[in-house]
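First, one chain by itself: the form predicted on its own, in structure tokens.
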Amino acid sequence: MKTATRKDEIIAAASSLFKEKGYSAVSMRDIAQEMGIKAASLYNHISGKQEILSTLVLFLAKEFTRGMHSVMISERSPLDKIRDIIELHIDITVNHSEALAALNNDWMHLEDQDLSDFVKMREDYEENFRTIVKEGIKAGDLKPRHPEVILFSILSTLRTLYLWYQKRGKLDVNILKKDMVAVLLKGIV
């Protein structure tokens, strides 16, 4: 097991504060106070808030990108690929729920190349998902609904899952996967 570095600890403390207050409302002094150290000592490990945000957001964006790449190159049916994407979101939510707040709510504070990289990863992810949905409709695996409505319905649920998951306590991940896949793919009727 990898031992957390001081930088990792700073990022974890900041992630929690970003989720609680939002990126703009958190100062380096707040992060230091959360850690019980002086603000000046943070700069021995990190250049500032922007580096923390970039680290959090781009790490998760790359996790989603890697997961989508695996889904896209698989020989599975479109329906199975959508199931895999839902499970990918659940796994990332369970393992990184606090950092997802920064990804969902604060990504627009990224700067320069980091912002461009994130937007490109997000657009590519959504386009790949859209392609899978269209393939599923064409193959008859999915009902002929508008692909954008399907995409919005699934992604909006998955993007806010971290909020619900933290409030509900530690629901068994296998039950969450089974039931969420069933509800998102088959509805409640």
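Numbering starts at 1 and follows the sequence shown. As the structure is a prediction and not an experimental result, all values here were calculated from the model.
Omitted here: the form predicted together with a further copy of the same chain. The next part is about that form.
With the partner left out here, a further copy of the same chain still marks one of 52-60, 22-30, 65-73, 35-43 in the predicted complex; by a 4.5 Å heavy atom cut-off that stretch is 22-30. In the predicted complex, none of the heavy atoms of M121 sits within 4.5 Å of a heavy atom of a further copy of the same chain. Using a 4.5 angstroms threshold between heavy atoms, D179 counts as touching a further copy of the same chain in the predicted complex. In the predicted complex, a further copy of the same chain lies farther than 4.5 Å from every heavy atom of T131. In the predicted complex, a further copy of the same chain sits within 4.5 Å of a heavy atom belonging to D141.
Contacts of stretch 99-122 with a further copy of the same chain in the predicted complex, defined by any heavy atom lying within 4.5 Å, are made by N105, M108, H109, listed in sequence order.
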